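First, one chain by itself: the form predicted alone, in structure tokens.
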């Protein structure tokens, strides 16, 4: 999350993410599932611009960069996570603060790339700075956890293992610069539907072997260890998951997996050049929007 601020406005780059590992352990009494996930932010980013305003209202607008206007699938302003995040800040401090907020959307919605959660984290950070609230990281984290499972991860800003329902964030380092090709098919999935269809692990897969492989630079081994427990549930709900599995199996990638609850699929590549070459091949197959991205560190 890159932040630029001045007396007049705050601008924040809100990255998407990939789940290199996602294990679903059990359902909790609150209806969520216990998870263990290794997440990395990627170079596909939204941009949020925040201008404090004296009128006491949140004036929110968005545009879809490089996408048809109806593809981004953004909820109406009152239901959008950006607005909800700013409303949560206002309630927390008990002040009727105003802002003009504009979001440039590049991370596809319904992809499992965490774009909405990242935008919410960016809104919390922007509101804290732009309104001069001076809230601590712990206070922002508490607000983030109330907005969504991935929002605390994006506040942290780097690779992490997330547990609980996603709110327990353990930073990880030493992954190096990683390169991926990501494909978003022309159909999205609803997170709640995928989780309802998922059978929690009888024998959970641990992410430590994957983490060790990445830290040692053994990318081929890491590619074989990519894991997402939600993939089979997502495949039952959308034929695009199997289609992308087959397409990626034909590609020269080190490993491939669904990210989050889908519907985006990604492949681990050796270098940035390799990722661009694979992306060019995939674009010829009419399977959706394709991105060559970097992540990790």
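What you see is a predicted model; the values in this text were computed from it and never measured. Positions refer to the first chain, counted from 1.
Although not depicted, the form predicted in complex with a small molecule is the subject of the following passage.
Using a 4.5 angstroms limit between non-hydrogen atoms, residue 149 touches the small molecule in the model of the complex. Contact between residue 32 and the small molecule in the model of the complex is found at the 4.5 Å heavy atom cutoff. The closest non-hydrogen atom of residue 95 lies beyond 4.5 Å of the small molecule in the model of the complex.
Taking non-hydrogen atoms only, residue 177 never approaches the small molecule to within 4.5 angstroms in the model of the complex.
For the options 90, 165, 102, 224, the residue carrying a heavy atom within 4.5 angstroms of the small molecule in the model of the complex is 165. Remark: of stretches 238-246, 263-271, 45-53, 32-40, the one touching the small molecule in the model of the complex is 32-40 (heavy atom within 4.5 Å).
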